[in-house]
Ligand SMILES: Nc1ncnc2c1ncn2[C@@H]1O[C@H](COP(=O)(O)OP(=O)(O)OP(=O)(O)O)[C@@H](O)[C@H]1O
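Take a look at this single chain, the form predicted alone, given in structure tokens.
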Amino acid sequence: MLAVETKNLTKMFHKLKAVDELNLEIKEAEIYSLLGPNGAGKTTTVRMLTGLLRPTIGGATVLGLDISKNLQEIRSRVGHLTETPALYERLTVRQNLDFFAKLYKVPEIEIKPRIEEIVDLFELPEKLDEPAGTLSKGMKQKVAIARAMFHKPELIFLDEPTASLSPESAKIVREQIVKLAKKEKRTFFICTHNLFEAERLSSRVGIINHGRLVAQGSPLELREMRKDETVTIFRFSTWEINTKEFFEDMKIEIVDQNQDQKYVSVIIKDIEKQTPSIINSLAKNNFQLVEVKHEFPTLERIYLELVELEGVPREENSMEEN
């Protein structure tokens, strides 16, 4: 069974098509990241999947349940961290967690030990009895993530989960996401602008722009889409005067070179066929080669190529549909 499946999922706000025939298949226990600029349709997609908005066209299933028929059961089995998580600021952290536990019908006998467990996971014990309104922005984010995971949902939607967190706190959150996905088979659907984080965390990523899915795959698969842009670095033990001329004579494009660090970076169109030939030629010409390394284009580079960043981005909103 797929954790999430969408079929031509579309959302119109008057004449604006915020999500445009989106087709996703997200596996159980997968960490899936949806990337895109502001207004691309990420938040609108999650709002439809969690029942906060109705699709204009198309449909979806979450945990095998139709979003048009089984919203109550879906909501009981998923967790959701919104982009601007709200806490009851006059209530303490403990009271906030207790309140949401009861909303999700967590058995009374399980609430206290679960609070103790989750505050330890997110390093919150010192703040447990402080009003939520007195917490820093980063600490509120941690409490909101803890709340989203409190009832042990099978599927967790996280919108910018590490926004406002310190590097140390962000590391804790990432570790918990990986642990829950691997050991407890929980599924994560993450909306983020953090490309570095998406590349480290995700088994697959989707790139959305103007409501349409423009690319999807594992970070490695997406990088391999641009194999023809892979940079190959040749590093030498000594620097020969004619190093540059050697590559130019072979009509190989040089993108960088450094005499002090003794390397040349080039673009090779066919790595598997050309690299052995180049190495043999270097050896015949008495170049003292010590390292050859291929660097695929980064996810950031691919993302920027695929997404149109010119002009004013559309703003996602919750306007009434036509």
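Note that residue numbering begins at 1 and tracks the sequence as displayed. All values derive from a computational prediction rather than experimental measurement.
What comes next is about the form predicted in complex with the named molecule, which is not displayed.
The named molecule in the predicted bound form: contacted by all of 232, 252 and 265, heavy atom 4.5 Å: No residue of the spot touches the named molecule in the predicted bound form.
The named molecule: the contacting residue among 83, 123, 240, 110 in the predicted bound form [heavy atom, 4.5 Å]: After the contact test, the surviving option is 83.
The single option of 185, 193, 200, 171 touching the named molecule in the predicted bound form, heavy atom within 4.5 Å: The residue in contact is 193.
Proximity of residue 33 to the named molecule in the predicted bound form, heavy atoms at 4.5 Å: Outside the cut-off, so no.
Partner contact for residue 39 in the predicted bound form: the named molecule, 4.5 angstroms, heavy atom: Yes.
The named molecule contact in the predicted bound form: residue 22, any heavy atom under 4.5 Å: No, residue 22 stays farther than 4.5 Å from the named molecule in the predicted bound form.
Close approach of residue 16 to the named molecule in the predicted bound form, 4.5 Å, heavy atom: Answer yes; at least one heavy atom of residue 16 falls within 4.5 Å of the named molecule in the predicted bound form.
Location of the named molecule contact in the predicted bound form, chosen stretch of 41 to 49, 256 to 264, 23 to 31, 271 to 279 [non-hydrogen atom, 4.5 Å]: Result for this chain: 41 to 49.
Partner contacts in the predicted bound form for 133 to 164 (non-hydrogen atom within 4.5 angstroms of the named molecule): Contacting residue: only 160.
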